[in-house]
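Only one chain is given next, in structure tokens, and it is the form predicted alone.
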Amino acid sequence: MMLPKFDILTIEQVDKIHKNSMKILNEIGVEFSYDPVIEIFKKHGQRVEGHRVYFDPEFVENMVEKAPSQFTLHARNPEHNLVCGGENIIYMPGYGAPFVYEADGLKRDATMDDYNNFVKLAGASKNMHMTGGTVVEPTDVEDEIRHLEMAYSHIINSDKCFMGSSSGYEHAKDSIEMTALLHGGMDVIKEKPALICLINSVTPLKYDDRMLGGLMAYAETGQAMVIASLVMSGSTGPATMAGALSLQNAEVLAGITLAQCINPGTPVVYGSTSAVTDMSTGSLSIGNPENALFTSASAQFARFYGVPCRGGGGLTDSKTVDAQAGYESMMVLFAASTTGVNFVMHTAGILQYYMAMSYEKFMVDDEIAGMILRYLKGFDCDSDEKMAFDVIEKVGPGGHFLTQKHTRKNFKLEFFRPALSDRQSFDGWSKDSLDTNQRAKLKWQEVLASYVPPALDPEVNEKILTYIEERSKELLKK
């Protein structure tokens, strides 16, 4: 049984922020720079001036109620199907980083080889429940066809669930079409959603045409989407936490409302990536207690609105795999996991406020994720064997439990066994004297060397490759 989640806001605080968000939506409004969306809101009776929409609070509340409280994402291997919502938690790698930072401090552009490697690491991991989305930006692939290559990487290198492109209507449709080929047809995935994407607002109070096109494509086909806001408190949002949270909440509710206007019942996830601006540099800072607070509050608001929640994972501002990376990542991921976030992006690999991925950081974060998953299981008190009275009686005062059958039977079930952390004596450790960064480098190389991607039906693979080839020709002509 998973541990109960705790709230960080009082009922009065939730009500006050909710009402403030509704006032923002009603009196200030949100800009949508995509004409088809404006027509949708007009048809639903909302006040529209140019590209700005002013929402009726009751209308917003009614539309948000149409979103499901939980839903299932279907993988090509049914054993990897994921339920998003309720007490469930889904971990996945980092997302969107343009650079890779190596163990020796080298900074370089991310490539398609890196993309494939991170997908394989996620596929091999017992702690990553899905392979994520844009695990890095592969800069050696043309932007016009990058989304096709990225989707295929998830399809061929793992049989877990994955995320699709949301960068415009056409790219979103490509991801959906490829996923339909993988699962046996569009009718199949409309009935059993198999894809999820990330829709980001442009803070403050705006959605651009690229994100809106993606949102429409996913909503029309009943695929899931994370609707997220990144408020940089102090720059793109108020410096007060309550004000920034109100702004984030307004933006997310506007996006959820739109999705339900297009297709009532569309699976959505309330998303937060909000954090603070480092006022000495003007840059985003994500490895801080404020980020953890935003994440925790967002989980509570998602419960308030009856939808699943997305929050940040192993987040840090560090540029290398050091103590700062460890304590910041543990703080944010632990907060997300213990306050009820269901969909955890950036669980593993992120450095320097989303700017880079690191193989070594991936392995460290994967270890942290395993530790937290064990913590969340709590205590099992459901049987006499777990209460262990008989073996305590047998050993008695002054004895030990090392040689007991009860110990041999239960320690593998109860104890977390690290894959990366060193628990040797000092003498044992000093033979090689490897630090965490060095051990992590050896570990990811070992995992990739031994990983065998799950086989994909050759006929299905051929259909997908043909689709990629035809679409690539079309897109590169434009």
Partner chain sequence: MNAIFEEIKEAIIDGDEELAVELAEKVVAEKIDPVQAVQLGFIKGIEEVGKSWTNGEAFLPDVMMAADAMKAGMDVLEGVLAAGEGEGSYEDKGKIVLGTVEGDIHDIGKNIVGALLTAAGFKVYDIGIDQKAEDFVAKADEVGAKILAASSLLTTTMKSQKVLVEYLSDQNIRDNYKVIIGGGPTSKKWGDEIGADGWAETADEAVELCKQLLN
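Please read all numbers here as calculations on a predicted model, not as lab measurements. Positions refer to the first chain, counted from 1.
Heads up, the form predicted together with its partner chain isn't pictured, but that's what we're talking about next.
Student: By the heavy atom within 4.5 Å rule, which residue out of T403, T281, T240, S383 makes contact with its partner chain in the predicted bound form?
Tutor: The residue from T403, T281, T240, S383 that makes the contact is T281.
Student: Considering I262, M355, M330, V391, which brings a non-hydrogen atom within 4.5 Å of its partner chain in the predicted bound form?
Tutor: If I apply the 4.5 Å criterion carefully, the residue I get is M355.
Student: What I'd like checked is whether R146, V202 and S235 together line its partner chain in the predicted bound form, meaning each has a non-hydrogen atom within 4.5 Å of it.
Tutor: Answer is yes for this spot.
Student: With the partner left out of view, is F99 within 4.5 angstroms of its partner chain in the predicted bound form by any non-hydrogen atom?
Tutor: F99: yes, in contact with its partner chain in the predicted bound form.
Student: So, in the predicted bound form, is D109 in contact with its partner chain at a 4.5 angstroms heavy atom limit?
Tutor: Yes, contact at 4.5 Å.
Student: Does H183 reach its partner chain in the predicted bound form, with heavy atoms at most 4.5 Å apart?
Tutor: Because no heavy atom of H183 falls inside 4.5 Å of its partner chain in the predicted bound form, the answer is no.
Student: D159 versus its partner chain, in the predicted bound form: is there a non-hydrogen atom within 4.5 Å?
Tutor: D159: no contact with its partner chain in the predicted bound form.
Student: Just one of 297-305, 76-84, 124-132, 91-99 has residues with a heavy atom within 4.5 Å of its partner chain in the predicted bound form, so point it out.
Tutor: Every other range fails; the passing one is 91-99.
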